[in-house]
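Only one chain comes next, encoded as structure tokens, the form predicted alone.
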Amino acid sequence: MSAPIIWIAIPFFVGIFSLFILRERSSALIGGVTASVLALIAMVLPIDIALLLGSISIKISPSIQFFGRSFEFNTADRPLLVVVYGISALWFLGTEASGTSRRFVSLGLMIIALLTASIAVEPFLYAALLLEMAAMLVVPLLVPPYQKPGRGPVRFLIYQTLAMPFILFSGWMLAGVEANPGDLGATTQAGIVLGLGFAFLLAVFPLYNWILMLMEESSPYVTGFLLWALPTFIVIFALSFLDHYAWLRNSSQLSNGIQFTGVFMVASGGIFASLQRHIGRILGYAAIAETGLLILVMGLKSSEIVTITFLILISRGLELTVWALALSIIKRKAYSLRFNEVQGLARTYPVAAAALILAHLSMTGFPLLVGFPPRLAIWGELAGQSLGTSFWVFLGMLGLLVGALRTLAVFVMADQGKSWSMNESLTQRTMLALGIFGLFILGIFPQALQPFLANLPSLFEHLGQ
């Protein structure tokens, strides 16, 4: 059996099959078990190496041809597959606790399969088309059946679609630049077109308003899944561009532009988060700020770009899972998610409130939480490169911290006579407790991620080498 069949075809067809599962619990279990098994296979079985089990020989071939295109995984991709499907398992297992419809698992599996295919396809530019297909599958998740779509889903799909011609056209231009790197005009044009494409994909300011609309119009759990899945693979796609084209890696102007964009998103996201009175929008701005950190890291002149990027992506996956699940539980009680509606909820939903605050603090880089190690690594890189950049990143993180403290104050603001009670279900308390445990364990023992991080730079031929 080939690796693309295992990690692309199987989850895609399991997703189609799970559409016919009527029970929400069964659907969540199928999705969680499927993703967990795929992560375990990636962890245990080598690719393109025969493995003897008694008299049985097992070998996973690395590639397959499909419609003239090659899809290939190699040994270097295994840690990435473990991370992607491991975090996906958390999202799918939390479906029942979040109250999300059973379509989430089926469409989610298909989305992850398409996104995984985007890192395996050759030539790598075809990943843009697979990203667009995944974005189109997200829309049925964001819009309930028989309901008119709001502005958020429509604007999301428009921006993702607008990115495709820019990305594909820039690929054609970059081929010419690679053949004649001395042509300054063509180099500048290619850089601008490529930048516009990724600005739409990564929701760079001022193109991130759809995120805030989705936090008000759609399910927080589905929106959180979107804010984890798509940016994760888009960042990997962007790193592939930097790895493939030497002039992109070596251009100081491009590096400065990427750093400025990242810093602006971090600072603006943090400052706006501190001013919000809607806990869903606060999550949106926190995700924007963290995307800014990812963009900032890509612009650093460092051999640790890949390691720091994946450290952020892993922590982001766990933070968004816990935060979105807690927010979904709270939304059942306070649909609008405004401060005046969630006031005092720490006394009636203490586990959900605690999980939300801890996930929020983790995104600020609070010590002992999973978000602290990647931010510590970023501070270490910035300290030797730019104190001005460090200041603006600190300002953005400070804004997120102020937002967390304001949310905490609202949660505990209740009448003295109001009694404490737990209104979360057993399933909800269990999932939230596991998430909180993960936030602390990976924050206190970040070396547990070392086996995955050590081999991830080998995904790229030049970056991080």
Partner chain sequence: MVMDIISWISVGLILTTATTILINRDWRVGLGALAVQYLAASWLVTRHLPFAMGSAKLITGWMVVAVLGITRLGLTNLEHEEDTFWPRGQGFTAILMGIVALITMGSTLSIEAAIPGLGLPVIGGGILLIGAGMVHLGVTSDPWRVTIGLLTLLAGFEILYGAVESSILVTGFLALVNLGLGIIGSYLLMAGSSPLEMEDDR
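Numbering follows the first chain given and starts at 1. What you see is a predicted model, and the numbers here were worked out from it, not measured in a lab.
From this point on, the text means the form predicted together with the partner chain, which you will not see here.
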### Segment that reaches the partner chain in the model of the complex - one of 277-285, 313-321, 161-169, 232-240, heavy atoms within 4.5 Å
161-169
### Message
Against the partner chain in the model of the complex, would F198 count as a contact residue? Criterion: heavy atoms within 4.5 Å.
### Response
no
### Query
At the 4.5 Å heavy atom threshold, is S252 in contact with the partner chain in the model of the complex?
no
### Query
Should K331 be classed as touching the partner chain in the model of the complex when contacts are defined as heavy atoms within 4.5 Å?
no
### Task
Could you confirm whether F66 comes within 4.5 Å of the partner chain in the model of the complex, counting heavy atoms only?
yes
### Message
Only one of L300, L130, M265, V306 gets a heavy atom within 4.5 Å of the partner chain in the model of the complex. Which one?
### Response
L130
### Query
Are all three residues E96, M136 and R151 in contact with the partner chain in the model of the complex, where contact means a non-hydrogen atom within 4.5 Å?
yes
### Task
Any residue of 80-105 with a heavy atom within 4.5 Å of the partner chain in the model of the complex counts; write them all down in order.
E96, G99, S101, R102, R103
